[in-house]
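Have a look below at one chain only, the form predicted on its own, in structure tokens format.
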Amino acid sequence: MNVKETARYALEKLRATGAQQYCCEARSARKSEFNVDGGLFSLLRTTIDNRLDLTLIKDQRRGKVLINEFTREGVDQAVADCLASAESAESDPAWTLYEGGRKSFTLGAPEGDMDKLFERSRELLETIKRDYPKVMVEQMIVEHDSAESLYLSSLGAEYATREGRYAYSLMFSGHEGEKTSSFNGCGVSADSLDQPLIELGEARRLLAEAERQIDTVQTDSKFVGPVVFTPGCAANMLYELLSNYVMDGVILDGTSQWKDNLGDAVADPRLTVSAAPLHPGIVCGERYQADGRLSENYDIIRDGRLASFMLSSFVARKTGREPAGNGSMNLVVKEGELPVESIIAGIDKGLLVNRFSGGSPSSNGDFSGVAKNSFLIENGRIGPAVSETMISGNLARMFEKLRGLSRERVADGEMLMPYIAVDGITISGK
């Protein structure tokens, strides 16, 4: 069976269980990829992945099953397993679906141009070899992903989607004689091949910095000072902040320190953070949620105030709150007024951090870890690369009064993020 036949057959079988509410999504995804190892093309393959996701709610008990086949026998067994799952679950009135209508979505580039993708991939390798001779590409994965899906529910939702994207990821390091830098990486999703791959995202900056990271210095003192997080690292730090204070788990168990702060100032007034899968800079962003709601962009933090929690409809009902407008992590942060060079120019001594390696923050937001692929900032300029440098601080406090947000923002198809400069970080070497 194809996607449409599978979804419609599954919906009829779910209806026959006697469940009060039910939904299914059939999705067929195709991935065509090139792999490069040690600078040489090593793999070309195409894979197909079929997926059928079933959910039913019967007598306030939810069952959920996921299978990877589109056969009548497979669907029959999956529906039976879904019903058994519901019958063995605890009753909870918070489980429910939403009414919906008919919608069709065409996103990104559903039809891939593999010849042009190969040429762009070869062009990328040649450009790196020419412009960054000290960089070794340890691995590169370049792909076109496409999918067709159909979501159907007992409450009238029918969402058909055709989507596709180009994507590449690089892992690389700097080399000079016997000396090497720490490895680093970058990746981008795109809906066209109009631009050379190297011009997307942060690739050029990170490749240039890999050459500068071959020689490093140790931070031999401990001090409290400013840190400038590059866009990729800033996104990771924001994710840690949000997961610690506004997501399902910490609101449901009551451990979030912001659980009673909706509408209150929780960050610098210049900070606005949105979950925005419908933003034009996001490639193939979410258009609907598993409970049947259509997705919409929303602000999590608006002008420094907590505007919304990032809650599923289930946790929202459990806690008496409003569900989030979407279930994505496509973060869009409002840009600042100054270029990043001006922000750095105002720092006497600090750190530019490209990558952070550390454990999960504590429940109060304290974090500690190693600043990777990072540089000293001295007298308003970026100085030498550093090694074995630790940073620690508190997630909430460091966003309360920002040193600055850059005018520049980096778009990688998944997020849109400026440089974020913060104060009060403890920086220490060995």
Partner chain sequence: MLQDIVSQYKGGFAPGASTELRAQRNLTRRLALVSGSLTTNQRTSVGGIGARVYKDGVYGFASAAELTGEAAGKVLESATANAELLARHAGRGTGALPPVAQGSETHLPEYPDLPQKVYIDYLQGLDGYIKSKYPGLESRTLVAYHDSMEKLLLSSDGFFSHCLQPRSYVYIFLTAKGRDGAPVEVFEPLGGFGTFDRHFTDPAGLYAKVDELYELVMHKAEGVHPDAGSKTVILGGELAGMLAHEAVGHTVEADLVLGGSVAGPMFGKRVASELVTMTDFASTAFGKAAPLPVYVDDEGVKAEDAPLIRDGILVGYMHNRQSAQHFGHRPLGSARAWLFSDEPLIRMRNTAVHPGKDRLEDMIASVDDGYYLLKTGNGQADSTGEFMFGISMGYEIKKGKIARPILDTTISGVAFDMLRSVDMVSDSVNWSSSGFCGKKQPMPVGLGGPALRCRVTIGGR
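Everything numeric here is computed off the predicted structure, so don't read it as measured data. Numbering follows the first chain given and starts at 1.
One more form of this protein exists, namely the form predicted in complex with the partner chain; it is left out here, but the text below deals with it.
Proximity to the partner chain in the predicted bound form, defined as a heavy atom within 4.5 Å, holds among Glu378, Asp49, Asp59, Glu400 only for Asp49. This chain lacks the partner; the member of Asp194, Asp348, Glu90, Glu73 within 4.5 angstroms of the partner chain in the predicted bound form by a non-hydrogen atom is Glu90. Although the partner is absent from this view, Ile382 stays clear of the partner chain in the predicted bound form, with no non-hydrogen atom inside 4.5 angstroms. Contact annotation for Arg130: none of its heavy atoms lies within 4.5 Å of the partner chain in the predicted bound form. The partner chain in the predicted bound form comes within 4.5 Å of a heavy atom belonging to Lys222.
Among heavy atoms of Phe118, some come within 4.5 Å of the partner chain in the predicted bound form. Residues placing heavy atoms within 4.5 Å of the partner chain in the predicted bound form fall in a single listed stretch, namely 135 to 143, out of 273 to 281, 135 to 143, 202 to 210, 320 to 328.
Contact annotation for 177 to 212: residues with any non-hydrogen atom within 4.5 angstroms of the partner chain in the predicted bound form are Glu178, Thr180, Ser181, Ser182, Phe183, listed in sequence order.
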